[in-house]
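Have a look below at one chain only, the form predicted on its own, in structure tokens format.
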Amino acid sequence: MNHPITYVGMDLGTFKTSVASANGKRSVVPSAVGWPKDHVARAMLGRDVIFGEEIWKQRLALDVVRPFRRGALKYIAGADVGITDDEIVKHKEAARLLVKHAVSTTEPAADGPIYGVIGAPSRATILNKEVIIDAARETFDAVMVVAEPFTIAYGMNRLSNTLVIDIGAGTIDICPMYGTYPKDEDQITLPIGGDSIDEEFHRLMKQSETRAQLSLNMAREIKEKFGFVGDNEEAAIVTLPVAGKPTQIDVSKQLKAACRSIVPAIVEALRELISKFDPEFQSSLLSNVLLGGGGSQLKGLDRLIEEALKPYGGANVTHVYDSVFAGATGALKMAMSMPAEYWQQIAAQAQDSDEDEEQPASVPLRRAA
């Protein structure tokens, strides 16, 4: 008996993972997994593993792992971000559980094959892609791992003369679209993003408002609500505990400085990337710069990038229509556009030891379809 195929697109983000299915279901979950710290926490929570927003509500009772924090596993080797070998094992297990949970929220057809496309940072190595594939092995029957900016462009039909800047929590990916799958050397991944903004804002607040109490999680929530980089935004006034007493504090100066901290690296990367292209195509790419990812929502970021690129002939910067699901829906569209025989040929392609890094990584996984 043939079971229906479920096609899934996934944006496996550093802080949030969004997933969209051909059955119309889609969801977003924190890219984190929580384990009860002890038997008391296990008895209180009633589960061995915790997912979703409950992680943040119960985090004092949990060992929380964000497997892709700072680009770990997806782009940067675990050791390079201070993760020990034992912690890498736990991070990989968390990644496996996260993928399985995220897909389950879309309610795929029981016993049917699941084919999917997962976004990865632009300059992810073959080793990084293998980590993602291993995380997906138990859940998908076949999977493709492609550059995250490519899924955004694919979903929006912006595959030609477009520069995509995907600003995530752990990385910023910059990818030029010129009508074909971009070459590895034409893409740039910066090891900064929303997490680095949070940390810089937290540092600046501790430096300037020494009596105010502010956790890193609170800093992130303030950034998501008020984050801006321009000069004409409303003041960001928040209530923070000072010696236990709720106190209103204007954090505009510190927040603006933290949000702006990622801009110089973005502009420099754009300049470097553009200079590699044929002069005839440079202006057309700059006239179609597309911001995606959660960081695209920083107020004034589009105008600030345009201003910085004026010496290079100017630019036109726009935003994706949906910063949460643009990557996942683009990945889904790509999965559904592939002919059935392509998915069945993935096994043969995966046997080629000379895998081309300029093409999406693709392998068979858990069951024969």
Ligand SMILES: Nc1ncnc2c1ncn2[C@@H]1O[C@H](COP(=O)(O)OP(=O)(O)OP(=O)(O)O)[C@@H](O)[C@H]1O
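Just so it is clear, the model here is predicted, and its values are computed rather than measured. Residues carry their position along the shown sequence, with the first being 1.
If you look for the form predicted together with this ligand, you will not find it shown, but the lines that follow are about it.
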Could you tell me if E224 has a non-hydrogen atom within 4.5 Å of this ligand in the model of the complex?
-> yes
Proximity of Q297 to this ligand in the model of the complex, heavy atoms at 4.5 Å = yes
Answer yes if any heavy atom of G13 is within 4.5 Å of a heavy atom of this ligand in the model of the complex; otherwise answer no.
-> yes
Verify the contact flag for G170: yes if a non-hydrogen atom of it lies within 4.5 Å of a non-hydrogen atom of this ligand in the model of the complex, no if not.
-> yes
Which of these residues, R158, H91, R220, R123, gets a heavy atom within 4.5 Å of this ligand in the model of the complex?
-> R220
Candidate stretches 53 to 61, 297 to 305, 331 to 339, 313 to 321, one within 4.5 Å of this ligand in the model of the complex by heavy atom | 297 to 305
If we check this ligand in the model of the complex, which of the residues in 128 to 153 reach within 4.5 angstroms of it by a non-hydrogen atom?
-> E148
